[in-house]
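Before any questions on binding or motion, here is one chain by itself as structure tokens, the form predicted alone.
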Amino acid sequence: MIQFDHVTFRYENADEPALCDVSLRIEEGSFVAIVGHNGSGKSTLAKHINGLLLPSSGTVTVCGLQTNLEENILPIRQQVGMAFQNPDNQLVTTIVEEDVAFGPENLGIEPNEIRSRVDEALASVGMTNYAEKAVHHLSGGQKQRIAIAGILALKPRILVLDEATAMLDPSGRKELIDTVKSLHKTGMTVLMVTQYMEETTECDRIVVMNHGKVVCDDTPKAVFSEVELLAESNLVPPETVKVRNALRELGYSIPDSVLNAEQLAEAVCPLL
């Protein structure tokens, strides 16, 4: 569904390329995390998916359309929805349901269809009861879910989260991640750019970036076992994985498949 072929990208006046010969394949319906330290190139990669940035060399193909062809940009952006760091920058009206309806209205969609899309989108993110609320009364996590509802009302096939949890508190991050997991279960393709490794434990794949290059692309289980590579990339495994490893060093039998808190609890309880 998404294909990077030897993509290099350099910002104007930059000494080094932000992306360096990146090749990557994302299958339809997958849930992929893109991780890396600040400046690793992960957000630059995300912005290539809907044509916000275009490669200096190489090609990006989304749903069979190359982003470097001007006539493809609008069709690609109709397939790819993006949520960014600050939810306040993505909300354009004062009432929740009006904000969710903003995109479809600008596409000239019939009012009855807009009403249906707004209701469906709000239900998808668990915000139906907030439809008539003022946006400025919402928490950061709720605002981000409304921003995603506005994206869903446009019926995209791909959702890209560019550090969408970065400005949220822990409860807001959990709300948003739970929402994203639910959307993925409906078949939506999700790419999540994040610095919070604990958010990646239930993804299908983790792509680790460092200095503009993909240095690892594998399952969470495999990536978290690459201790030296994570350290070189200035990344720290989730707390649950660190606890698992500490218990194993003490002689307890904890399988590699234990990645999140629930799995850790299930593995530890029989040992008590």
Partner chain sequence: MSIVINHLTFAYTEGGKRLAPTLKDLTFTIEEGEFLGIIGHTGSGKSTFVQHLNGLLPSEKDTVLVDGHDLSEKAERRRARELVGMVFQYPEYQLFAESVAEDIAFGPKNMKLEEPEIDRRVRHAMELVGLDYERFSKRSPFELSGGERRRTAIAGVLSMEPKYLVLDEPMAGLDPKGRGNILALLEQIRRESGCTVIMISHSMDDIARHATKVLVLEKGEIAMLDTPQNVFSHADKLESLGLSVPNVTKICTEMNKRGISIPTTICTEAALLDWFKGVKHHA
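This one's a predicted model, so the numbers in the text were calculated from it and none came from an experiment. Numbering follows the first chain given and starts at 1.
Missing here is the form predicted in complex with the partner chain; even so, the following discussion is about that form.
Heavy atoms within 4.5 Å of the partner chain in the predicted complex belong, among the stretches 205-213, 25-33, 54-62, 228-236, to residues of 228-236. For residue 182, no non-hydrogen atom is located within 4.5 Å of the partner chain in the predicted complex, even though that partner is not displayed. Heavy atoms of residue 18 never reach within 4.5 Å of the partner chain in the predicted complex, leaving it off the interface. Mapping the unseen interface onto this chain, residue 240 counts among the residues with a heavy atom inside 4.5 Å of the partner chain in the predicted complex. At the 4.5 Å threshold, heavy atoms of residue 187 stay clear of the partner chain in the predicted complex, well away from it. Along 245-272, a non-hydrogen atom within 4.5 Å of the partner chain in the predicted complex is carried by 246, 247, 250, 251, 252, 261, 262, 264, 265, 266, 268, 269, 272, in order along the sequence.
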